[in-house]
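Next up: just one chain, as structure tokens, the form predicted alone.
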Amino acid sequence: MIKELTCINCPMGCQLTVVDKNDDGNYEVTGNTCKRGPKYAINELTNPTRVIPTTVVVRNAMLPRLPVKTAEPIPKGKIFDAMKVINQVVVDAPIKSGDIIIENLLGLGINVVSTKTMAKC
């Protein structure tokens, strides 16, 4: 198996080639200019994850939406389920950056946190 990927771990955007000659999970990664490339490529093939940046409704604030994100990456296959939960959330100002908005999203042990402080108006 041969897979081509663009690494997103740093601004270089290295074009990675991942080869698994015997389809046994023994991956050879080439094309990286930093040591994070091989780890990213193998994780992307075996267990892809993403941090979800999005917004939730906030009441009594200057803006109608509060930016939030998952505190850690979640499995890529859980993104749509996560968004169903996140889209139902309504919070009240004041909120501080880093406040936990959703604890233990989908039972994954990962929180959704505020990325902006919003005062009450």
Partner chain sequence: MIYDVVILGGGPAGLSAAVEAKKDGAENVLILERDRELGGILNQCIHNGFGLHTFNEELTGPEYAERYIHQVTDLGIPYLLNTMVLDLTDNGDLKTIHVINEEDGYTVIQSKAVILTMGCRERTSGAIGIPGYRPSGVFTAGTVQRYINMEGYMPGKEVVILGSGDIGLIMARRMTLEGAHVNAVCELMPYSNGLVRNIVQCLDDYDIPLKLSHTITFIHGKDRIEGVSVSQVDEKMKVIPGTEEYIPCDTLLLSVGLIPENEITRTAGVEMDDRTNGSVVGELRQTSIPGIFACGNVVHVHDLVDFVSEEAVLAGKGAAKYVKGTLDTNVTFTTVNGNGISYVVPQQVAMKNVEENVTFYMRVRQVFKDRVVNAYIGDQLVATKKEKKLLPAEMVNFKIAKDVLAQYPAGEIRFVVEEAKK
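Positions refer to the first chain, counted from 1. None of the values given here were measured: they were computed from a predicted structure.
Another form, the form predicted together with its partner chain, is not on view; read the next lines as being about it.
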- Message: Within 4.5 Å, heavy atoms only, which of I79, L45, V89, C34 is in contact with its partner chain in the predicted bound form?
- Response: I79
- Does S97 make contact with its partner chain in the predicted bound form, using a 4.5 Å heavy atom cut-off? yes
- Message: Whether A93 contacts its partner chain in the predicted bound form should be assessed with a 4.5 Å heavy atom distance threshold; does it?
- Response: no
- Message: Residue-level question: is R59 within 4.5 Å of its partner chain in the predicted bound form, judged on heavy atoms?
- Response: no
- Is K39 one of the residues lying within 4.5 Å of its partner chain in the predicted bound form, judged by heavy atom distances? no
- Message: Residue by residue through 57 to 91, which ones have a non-hydrogen atom no more than 4.5 angstroms from its partner chain in the predicted bound form?
- Response: M62, L63, P64, R65, P67, K69, K76, I79, F80, M83, N87
